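Let's start with one chain on its own, the form predicted alone, as structure tokens.
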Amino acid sequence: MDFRYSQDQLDLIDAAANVLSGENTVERLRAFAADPTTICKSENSLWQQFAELGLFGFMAPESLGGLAQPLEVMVGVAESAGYVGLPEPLIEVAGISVPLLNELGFEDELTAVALGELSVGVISALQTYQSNAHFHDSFLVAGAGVDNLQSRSSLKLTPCNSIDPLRQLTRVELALKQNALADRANLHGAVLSAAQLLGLSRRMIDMSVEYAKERKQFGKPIGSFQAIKHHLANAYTQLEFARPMVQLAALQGGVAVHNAKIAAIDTATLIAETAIQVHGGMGYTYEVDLHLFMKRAWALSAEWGDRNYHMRKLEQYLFTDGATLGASQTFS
């Protein structure tokens, strides 16, 4: 299976990554962490800039002004968003809401979303918690008997605490069931949350490498010590093994999605622990920027199905008659 991007696709991913890394700085994140209420569609937000760059229409059809990119390319943008710890729900709108709106034929709404004039979130039985729901004007509800758009004001949103200081979390009070539309939302959500976990993991490794170059013990940078090198090498190797699993999930769907989310969660967990150890425990503290990305990784690990959920799905698949198993099925 060919995981390579075309040059045009690479250019799109790189352009998005450059904007995200240039605009969403650590200083911006710290300002939001000090006052989370300032994360909104205002002069502090990158919302309009995303619209002008066409990021909301990344997966929208060209006939509606979009770029018509597949999920596997959106994965590249999601990893970049994870790398910078983006607080705005760009990935949720562009990678989950837009494909579903297109599928259901909401052309006017889809056009408005692509222009940044409307923001639509997605609610399913697997994702009843919403991060920064105040960005959304309405929600696409899957599994409520009728799949349609509901305004934010018509829904009961209960504020909740989040481990991530950059996420204003709310719970939607709705009785939902799983259906075909929810399945597709869950697929996109699991794949893109896994991709963001890869970006967060890469950022934590980069931060740890830089710290290991600067921090000295016995007159030498700690990065010169074999124990530190081995920890970072193991973390980087696991990240590189997880990335093709996420790409496969975007291309193939099905059981690959569960494998990808588990791999991304395990990778982020290992790298967060490694980063804390490299920082000598300082990574736990508010003074070190690492905690912003570590807490986001913990939060995303529970979104669109936590590890236990995806492990149960894998178990059900493994014990199903006719399941295709074995090394020969990997990346087939």
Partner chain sequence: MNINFTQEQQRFRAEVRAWLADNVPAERLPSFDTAEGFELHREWEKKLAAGNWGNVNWPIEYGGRGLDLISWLIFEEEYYRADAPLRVSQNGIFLLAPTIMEFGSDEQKARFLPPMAAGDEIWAQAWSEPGAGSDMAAITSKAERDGDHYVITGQKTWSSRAVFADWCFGLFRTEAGSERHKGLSKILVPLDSHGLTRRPIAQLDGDPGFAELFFDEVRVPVANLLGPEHGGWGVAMATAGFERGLLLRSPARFQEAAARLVRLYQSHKHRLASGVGEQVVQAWMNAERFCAATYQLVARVQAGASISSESSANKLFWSEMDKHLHRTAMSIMGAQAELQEGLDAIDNGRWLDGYMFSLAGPIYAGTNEVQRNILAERVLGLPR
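As the structure is a prediction and not an experimental result, all values here were calculated from the model. Numbering follows the first chain given and starts at 1.
Only in words, not in the display: the form predicted together with the partner chain, which the text now covers.
Contact residue in the predicted complex, chosen from 184, 202, 152, 167 - any heavy atom within 4.5 Å of the partner chain: Residue within 4.5 Å of the partner: 167.
With the partner chain left out of view, choose which of 285, 42, 37, 63 has a non-hydrogen atom within 4.5 angstroms of it in the predicted complex. Exactly one residue meets the criterion: 285.
Within a 4.5 Å heavy atom cut-off, is residue 171 in contact with the partner chain in the predicted complex? Looking in the predicted complex, residue contacts with the partner chain include residue 171, since a heavy atom lies within 4.5 Å.
I'd like to check something about residue 277: if you look in the predicted complex, is any of its heavy atoms closer than or equal to 4.5 Å to a heavy atom of the partner chain? Close contact exists here: in the predicted complex, residue 277 approaches the partner chain to within 4.5 Å, heavy atoms only.
State yes or no: in the predicted complex, is some non-hydrogen atom of residue 227 no more than 4.5 angstroms from a non-hydrogen atom of the partner chain? So residue 227 counts as contacting the partner chain.
Answer with yes or no whether residue 15 is in contact with the partner chain in the predicted complex, where contact means some heavy atom within 4.5 Å. No, no contact at 4.5 Å.
Please pick out the stretch from 287-295, 23-31, 50-58, 63-71 that is in contact with the partner chain in the predicted complex, where contact means heavy atoms within 4.5 Å. Single hit among the candidates: 287-295.
Do any residues of 251-273 have a non-hydrogen atom within 4.5 angstroms of the partner chain in the predicted complex? If so, which ones, in sequence order? Contacts from 251-273: 269, 273.
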